[in-house]
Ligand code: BGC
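One chain follows as C-alpha cells, the form predicted on its own.
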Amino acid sequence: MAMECGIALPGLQGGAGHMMFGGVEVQCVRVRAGRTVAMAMQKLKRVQVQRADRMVHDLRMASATPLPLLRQVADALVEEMCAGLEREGGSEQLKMLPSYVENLPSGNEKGLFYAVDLGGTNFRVLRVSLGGKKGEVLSQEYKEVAIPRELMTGTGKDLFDFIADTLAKFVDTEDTSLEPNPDKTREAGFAFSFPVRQTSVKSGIVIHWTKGFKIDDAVGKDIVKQFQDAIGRSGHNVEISALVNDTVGTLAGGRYNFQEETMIGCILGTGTNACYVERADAVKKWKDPLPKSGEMVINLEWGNFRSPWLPRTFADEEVDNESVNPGDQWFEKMVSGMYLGEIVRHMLLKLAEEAALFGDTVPGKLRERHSLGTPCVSEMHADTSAELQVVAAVLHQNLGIQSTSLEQRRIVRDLCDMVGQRGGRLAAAGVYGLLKKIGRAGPHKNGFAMSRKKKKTVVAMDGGLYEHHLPYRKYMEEALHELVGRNGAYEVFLRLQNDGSGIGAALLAASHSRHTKP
C-alpha cells in the first residue's frame, strides 16, 4: 500500500538516501526535498502573481475613465469642433469637413445601385436594389475582399486597379433582368473612410492616410478621379455619383431607417470616425451658398483628437511609436480595432518581463508585433467560463503558451477587460461631445430649440468592433447613458446599421443620381 510520503512495498532493494524501518523502505530524504522544492515553487508563483496583480492594478488606475474625466474629454472635443468650424485649419486635430451631401435619403429612392466601401484592411463591393416609396431595400448582394498588405503602402494605381478589378468581376455576376439605368450606365457610391477634403459630392482631395495605409502618391489628388480612371482601365461603365465618408454613409443608412431621428453616424471598426448633422450657419468657414435644407453633414475625422484628459499608458506610447504615423491619431489608437490587440500584447509583454507572469522565459511570440489581434482580445474578454478555457486556448494557439494557471488566465482577462472598458467608455465620451454640440445632451441650449417633451435621437453605428466585441459595446452604452442621465431632454439610442457605410453609399448614389427626378 503506497502512502503519501512515498512508502515502497517490502522486497524492494534500498538505495542511497533510503532508510529501512520495520521492513518498509521509506524515501524520507527525497520526499522532504521534493516537498521543499514544490513549496518553494508555489511560493515563487504566488510572489509572481502578486507582483503581476500590483502591475495590473497600476495599469487599471492609469486607464481609469471615471465620469468626470469623460465629461472633460467631451468638452475638449466640443472645443476643437467649434474651432474647426470657425475657419479652415482652426483645429489642428479635427478636420471638420463639410460632406457636400445635400440630399440625405428620403425613402423614395428606386433602382439598382452599386457601392464600394473602402474602410480598412478589407473592402466590400455591394449591389443594392431599392423599392421606391415603400422605403425598402428589395435585395442586396456583396463581396468582401482582403487588401494585400503590400498594397496598403504601395501606389495609388496598384491599389485602385485591384479594387476596380474586383468591382468589375462583381458587376459581371449581375442578373441580366436587372436594369441599372436607362442608358445602361451603372452608378455607384464610394465610401472612403480616410481624410478627404471634398470639393463636390463626387470629388475630393486625399489629405492623408490612416489605419495602417500609407500611399504617398495618392495624397493631394482627387480620389474619385483615381478610382474612376482605374474603373475605365477595367473596361466597365460604372460612374461614381457620390463620394462619402463611411460615417456619412452610416448616417445616410440611419436616415433611411429612422429618418429625422438619426443625427450622428459613428464607425468603430479597424479605425474610428464620426459625423453629424450641423446647422449650416454654424459652419463659419463655409463660403458657398448655404444648403436649402439649412443643415450640413460634417465629417469630424475624430481619430486624430488628442487631449491631456485621455488616460494613456506606456502601452499606448509603444503602439504609437511603432505605428506608421507616430504622434497622430491618439483617439483612434485608444478605441479602435486595429490597436486594442497590440495594447494588450504590450501589457502582457511587460508583465512577462518584469513579473515573470508566464515563467522565467518570456514567450517568444509576445515579442512579435500583431501576434495578438483584437478579435483574440475580444474572445478572451467575453470568456465567462469558470476555468477561463477560451483564454487558455487563445494563449496556446496564438502565443504558444501551453500551460497556464487560473490565476494567470484571470490576469490576462483582466487586461482585456481594462483595455476594452477604456475604449468603450472613451467612444461614449466622443458621442456625448457630439450630442452636446447639437444641443441634445441635456438642458443646455447650443443652437437647437429644446422641447419639454422628451424626443428621440438615434446614433447610427457601424464597424466590426462595435458589432462583435460585445463587452466593449456594453461599456460604451452604459457610459453614454451615465453621461446623458435620466433627466436629459432627449433619449439617445445606439442603433447598429449592418453594412451601414456600404448601404449608405448606395443610398447616397441613388439620392444624388442624375436620373433621379426632381
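All of these numbers come straight from a predicted model, not from anything done at the bench. All residue numbers are counted from 1 along the displayed sequence.
A second form of this protein, the form predicted together with the named molecule, is not displayed here; the remarks below concern that form.
- Result of superposing the named molecule in the predicted complex onto shown chain, 2.4 Å backbone or C-beta criterion: Here the answer is open - the superposed ligand has no atom within 2.4 Å of any backbone or C-beta atom.
- Is Val412 close enough to touch the named molecule in the predicted complex, meaning at least one heavy atom pair within 4.5 Å? Answer no; every heavy atom of Val412 is more than 4.5 Å from the named molecule in the predicted complex.
- Indicate whether the named molecule has at least one heavy atom within 4.5 Å of a heavy atom of Gly430 in the predicted complex. It does not: once the named molecule is placed as it appears in the predicted complex, Gly430 has no heavy atom within 4.5 Å of it.
- Query: Hey, in the predicted complex, is Pro98 touching the named molecule, heavy atoms inside 4.5 Å?
  - Reply: So Pro98 does not count as contacting the named molecule.
- Message: Although the partner isn't part of this model, could you tell me whether Phe194 comes within 4.5 Å of the named molecule in the predicted complex, counting any heavy atom of the residue?
- Response: Yes - in the predicted complex, heavy atoms of Phe194 and the named molecule come within 4.5 Å of each other.
- Option from 329-337, 281-289, 355-363, 199-207 whose residues, in the predicted complex, bring a heavy atom within 4.5 Å of the named molecule: The contacting stretch is 329-337.
- Looking at Gly254, Gly424, Pro105, Gly271, which has any heavy atom no more than 4.5 Å from the named molecule in the predicted complex? It is Gly271.
- Message: Considering non-hydrogen atoms and a 4.5 Å limit, which listed residue (Ile298, Ile267, Cys416, Ala242) is close to the named molecule in the predicted complex?
- Response: Going through each option in turn, the one that passes is Ile267.
- Task: Counting only non-hydrogen atoms and a 4.5 Å cut-off, give the residues of 481-504 close to the named molecule in the predicted complex.
- Result: Heavy-atom contacts to the named molecule in the predicted complex: nothing from 481-504.
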